[in-house]
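In the form predicted alone, a lone chain appears below as structure tokens.
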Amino acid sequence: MTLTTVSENRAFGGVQGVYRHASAATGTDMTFSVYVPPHAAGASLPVLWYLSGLTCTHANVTEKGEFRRACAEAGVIFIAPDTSPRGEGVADDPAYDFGQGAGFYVDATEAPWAPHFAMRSYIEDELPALIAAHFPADMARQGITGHSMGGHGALTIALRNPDRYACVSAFAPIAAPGQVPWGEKALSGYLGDDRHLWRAHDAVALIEDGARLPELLVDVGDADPFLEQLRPDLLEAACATAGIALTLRRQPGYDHSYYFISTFMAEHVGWHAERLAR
């Protein structure tokens, strides 16, 4: 559980840190960022996880997400992991939507990905234990959100662990990866051709198979060039059938970028903070 501090900077009265550790799940060093807001000595604070999208590292949201003021005001710890294992000896692919930077939050079973691509285990098990050991985190009060591939990760992880997260949201999630090219490529590459096995990593399929959450908040831009990969309409239909209270906001004129995410980030932080305070 040894943690190396890469950097720490004062921000809105709290500390924005970047940290590195040797991961047993991935067999590599992993880097992540944590913002700890100002708090009284001995306080234990709720946690909001943010999972990033294709090609991203922890740095994208840390530098562009504009979450710190809202987290400082609400007293919420904000955690941003990397999107895949990296480094020498880690399998990769020349395409942007597969391999390093595109772990899809699954535990790969296929060669050459299986030795290192265990992002499900890393996010669900290993990193939470590390956070609990090193930060003033109340692990009984957790929320999760994410963007694009990370929105897929947030939805699927929460649907598989409904008792762990008090609240779930997403920015432009890949809602039905088993039905779109990005997801079909990743799930077949990492998990093989048995589509039944994919269903545990597909939010729409999980809901169809009985997984439930009380409510969801999802923002998507109506000018997003990747809407055919995201399929918010399928998530909307699945939630309606299942009786899940989905607030799906189609934001006019917004695209897939961090200009979009940063515009609505404070609203998501506030939405989570309200539920984490209950």
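Since we're looking at a predicted model, the values are computed, not measured. Numbering starts at 1 and runs along the sequence shown.
The same protein also exists as the form predicted in complex with a further copy of the same chain; that form is not shown, yet it is the one meant from here on.
J.: Please tell me which of 228, 233, 209, 63 lies within 4.5 Å of a further copy of the same chain in the predicted bound form, judged by heavy atoms.
T.: The option sitting close enough to the partner is 63.
J.: Just one stretch in 66-74, 240-248, 24-32, 45-53 has heavy atoms within 4.5 Å of a further copy of the same chain in the predicted bound form, so which one is it?
T.: Residues of 66-74 come within 4.5 Å of the partner.
J.: Is residue 214 one of the residues lying within 4.5 Å of a further copy of the same chain in the predicted bound form, judged by heavy atom distances?
T.: Residue 214: no contact with a further copy of the same chain in the predicted bound form.
J.: May I ask you to check whether residue 260 falls inside a 4.5 Å heavy atom distance of a further copy of the same chain in the predicted bound form?
T.: The answer is yes: residue 260 has a heavy atom within 4.5 Å of a further copy of the same chain.
J.: Would you check, heavy atoms only and a 4.5 Å threshold, whether residue 254 touches a further copy of the same chain in the predicted bound form?
T.: Because a heavy atom of residue 254 falls inside 4.5 Å of a further copy of the same chain in the predicted bound form, the answer is yes.
J.: Which residues within 1-40 place at least one heavy atom within 4.5 Å of a further copy of the same chain in the predicted bound form?
T.: Contacting residues: 9, 10, 11, 12, 13, 16.
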